[in-house]
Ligand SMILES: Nc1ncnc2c1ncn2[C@@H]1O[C@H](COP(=O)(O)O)[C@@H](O)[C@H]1O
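Only one chain is included here, represented as structure tokens and corresponding to the form predicted alone.
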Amino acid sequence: MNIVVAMKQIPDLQQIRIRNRKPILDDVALTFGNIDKNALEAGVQLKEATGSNLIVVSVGTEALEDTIKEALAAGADEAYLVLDDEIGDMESSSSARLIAEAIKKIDDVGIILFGEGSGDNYSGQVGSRVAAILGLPQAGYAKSININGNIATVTRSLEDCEEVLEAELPIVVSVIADINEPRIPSVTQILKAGRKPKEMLELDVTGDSMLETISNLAPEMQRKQIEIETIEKLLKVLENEGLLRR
């Protein structure tokens, strides 16, 4: 059985600077979002429990060839990539179509894993759209996943309760961040990542819907510039602001 994890390449949020309320993305490294890494770790754990093969599917710019090494070092066995410099601005329905087309080229898919939302726009749509395109059942907000034979048992974390459901494979599952703590690859795993197989897929991206960012401004912040000479004055200011109670 093949386990598939869909991952999205995004700018490293820790390196983004703000200037004049606008994000500066120049020279910011590309990486995978944190919840995508949770989905990958869930896939690695299922791989270890079932002896399956773990495949990462991703669509992105040419830089994805380097970024994918993160996933291969963290436990993925191989990768299917769709590369195009226009993909970075692609709308969710178009991304879902490309991911679904890539998954169709993989035999014996048992489970397809997504993070509950990407680290950039966090629309949370792609997993559901892929499930609809492929005609598969979907379970969202998964906090644990177990596979026994042809049955997946998924525990979902909802607002006021937990829900346990069972479904026959294949199934699409989106996970929450609390499902696990992604492992850090060893030096040996990082070195081996470059030798793992990667398949570049040629899929038609012309005519796909692109996103146009109208505005992306950080909130305005105005400092009160209150001079603090003593601890007593600091405590008084905090009390006046409702940040401290005596």
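The first residue of the sequence shown is number 1, and the count goes up from there. For clarity, every value in this text was computed on a predicted model and none was experimentally measured.
Just so you know, the form predicted together with the ligand exists too; it's not on screen, but the next bit is about it.
Enquirer: Which is the contacting stretch out of 144-152, 68-76, 125-133, 158-166, given heavy atoms within 4.5 Å of the ligand in the model of the complex?
Expert: Among the listed stretches, the partner-contacting one is 125-133.
Enquirer: Would you please decide whether I3 lies within 4.5 angstroms of the ligand in the model of the complex, comparing each non-hydrogen atom pair?
Expert: Close contact is absent here: in the model of the complex, I3 is far from the ligand, nothing within 4.5 Å, heavy atoms only.
Enquirer: Can you tell me if G117 lies within 4.5 angstroms of the ligand in the model of the complex, counting non-hydrogen atoms only?
Expert: Result yes; G117 sits at the interface with the ligand in the model of the complex.
Enquirer: Is I99 near the ligand? Define near as a heavy atom within 4.5 Å, in the model of the complex.
Expert: Although the ligand is absent here, I99 would touch it in the model of the complex, with heavy atoms inside 4.5 Å.
Enquirer: Any chance A42 has a heavy atom within 4.5 Å of the ligand in the model of the complex?
Expert: Looking in the model of the complex, residue contacts with the ligand do not include A42, since no heavy atom lies within 4.5 Å.
Enquirer: At a 4.5 angstroms cut-off on non-hydrogen atoms, which residues of 32-58 are near the ligand in the model of the complex? List them in order.
Expert: Read in sequence order, the residues that approach the ligand (within 4.5 Å, in the model of the complex) are D36, V57, S58.
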